[in-house]
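A single chain, nothing else alongside it, follows as structure tokens in the form predicted alone.
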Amino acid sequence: MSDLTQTLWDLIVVGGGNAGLCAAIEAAETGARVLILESAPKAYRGGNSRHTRNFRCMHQGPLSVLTGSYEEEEYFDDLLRVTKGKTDEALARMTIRASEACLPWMEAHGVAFQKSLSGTLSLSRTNAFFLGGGKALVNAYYNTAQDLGVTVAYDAEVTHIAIEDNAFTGLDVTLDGTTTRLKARALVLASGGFQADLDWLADAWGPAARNFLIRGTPYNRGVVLRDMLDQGAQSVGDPTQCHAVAIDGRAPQYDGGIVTRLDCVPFSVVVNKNGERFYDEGEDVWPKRYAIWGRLVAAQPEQVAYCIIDAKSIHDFMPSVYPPETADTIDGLAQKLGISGAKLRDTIETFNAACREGEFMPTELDGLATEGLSPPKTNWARPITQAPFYGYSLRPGVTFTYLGLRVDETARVSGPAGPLDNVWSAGEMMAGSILGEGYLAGFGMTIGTVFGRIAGQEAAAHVA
């Protein structure tokens, strides 16, 4: 503790996930004296980056494990579709262009990649997967930071950022039960959204939010974000918008991670507690639609839904962590799921009657659509007829919220009087600057890497 308080740091980074680590590494490579304050204990370090799997990357030809090309316009069009145009085009295009240089930078700093997974994920051209997953990426960056002399304090809860005359002058952090003031010449804020604070989530969403599950770290409670907003920092993003997917309803309240996601939706019929369908399960390939299902389920009674499939589809998606409920009849399955057997049987029979003949192609849009059904199913619509029948419960699983700090292209945070002199932000804490709504698979890691690197470079230049 005394070593931390007696040092005037060049840079303090609040948050030890992907974005914070990228910032720390960039600054340390210039010779800056860097301290990372991570609120989690060492075993749980890395924030939501622990649970990630891949990085979406622009490239003009084959690059590392990525095939073909994925150029700026296609990437930006994909982003526009999921955000429905709610993005800052200048920041988004800058992020997309910068992603191409990030992949070799990541490899040079210890991150290993592998070819993409197959099945419902058709990402070999757009997303580079981390060998060993997000934990391997986090560990690689911590090893690199250690080699560069970066100091890391775990279980370090930052409670207040001191801002005077438009500049950061110090921060209050609680370590080992004692709160103390640390000082630095520059600050990077990368401590994520507020999704782990269920009270704040309920303020934004209403009481229904208390039925949400948090896929990621329980340490992203928005303490620093709220402190900065209370001091007049300019905000961006809607507090009701977030990256939320449909996950297994049996997942833990916090930290279940990416393995709790269910990829069977495109091949299923999804019903709510009343046994009623409510959306097109086959709207698009899963990487472009999986992120809308959290909000869809959140809007249903009791914030729960159920995926129903039959024996034909059980091997068409990645296996689930928890086994499905199984029965030889639809009525028997409904009983196990706790919904009306008569209503579920009627919904399935109506759906089956709307299906038509055609070729089923699970890895691409096959156009095998229902006829005369509302809502329709526009791809992969096969009758659910072959026992045994399977069912999974679904709950909204929040990864991160979009309310955050407004930044410019240099990642600098804006206060009430304009850009702060020596404060930058990166990662989920500012992602709302680009993600107005919706989510594009792997783009959170892109934002974190690009803005983390920029924030570190800018902070290092400031203190040089």
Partner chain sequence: MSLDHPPTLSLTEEARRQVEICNACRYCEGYCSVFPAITRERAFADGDITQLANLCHNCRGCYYACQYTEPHEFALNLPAVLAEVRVDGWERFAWPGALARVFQTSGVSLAAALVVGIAALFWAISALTPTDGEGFYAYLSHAAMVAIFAPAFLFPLAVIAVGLRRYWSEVGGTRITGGDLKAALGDAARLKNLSGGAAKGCNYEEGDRYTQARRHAHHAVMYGFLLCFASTSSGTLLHYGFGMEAPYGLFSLPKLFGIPGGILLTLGAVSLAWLKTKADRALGAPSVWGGEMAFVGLLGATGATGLMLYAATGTALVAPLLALHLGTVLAFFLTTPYSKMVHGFYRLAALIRDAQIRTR
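Positions refer to the first chain, counted from 1. Small disclaimer: the values here were computed from a predicted structure and weren't measured. Whichever C-alpha set is largest while still superposing within 1.5 Å between the two forms counts as the rigid core.
The protein also exists as the form predicted together with the partner chain; that form is not presented, and the subsequent description refers to it.
Participant: Would you mind picking the one in F113, Y279, W200, F351 that has a heavy atom within 4.5 Å of the partner chain in the model of the complex?
Facilitator: By the 4.5 Å criterion, the partner-contacting residue is F113.
Participant: Which listed residue (R412, H51, R33, H59) meets the criterion of a heavy atom within 4.5 Å of the partner chain in the model of the complex?
Facilitator: For this set of options, the contacting one is H51.
Participant: Just to confirm the contact call: exactly one of 361 to 369, 332 to 340, 309 to 317, 235 to 243 touches the partner chain in the model of the complex at a 4.5 Å heavy atom cutoff, so which is it?
Facilitator: Contact criterion met by 309 to 317 only.
Participant: I have R45, A136 and Q146 flagged as a candidate spot, so tell me whether each of them has a non-hydrogen atom within 4.5 Å of the partner chain in the model of the complex.
Facilitator: Result yes, every residue of the spot touches the partner chain.
Participant: Taking heavy atoms and a 4.5 Å cut-off, does E100 contact the partner chain in the model of the complex?
Facilitator: Contact check for E100: no, nothing within 4.5 Å of the partner chain in the model of the complex.
Participant: Heavy atom to heavy atom, is P383 within 4.5 Å of the partner chain in the model of the complex?
Facilitator: No, no contact at 4.5 Å.
Participant: At the 4.5 Å heavy atom threshold, is E157 in contact with the partner chain in the model of the complex?
Facilitator: The answer is no: E157 has no heavy atom within 4.5 Å of the partner chain.
Participant: Even though the partner chain is not shown here, does G256 get within 4.5 Å of it in the model of the complex, heavy atoms only?
Facilitator: Because a heavy atom of G256 falls inside 4.5 Å of the partner chain in the model of the complex, the answer is yes.
Participant: 2 Å or more on the CA of S313 between the shown form and the other one, with the rigid core superposed, yes or no?
Facilitator: The answer is yes, as the C-alpha of S313 shifts between the shown form and the other one by 2 Å or more after core alignment.
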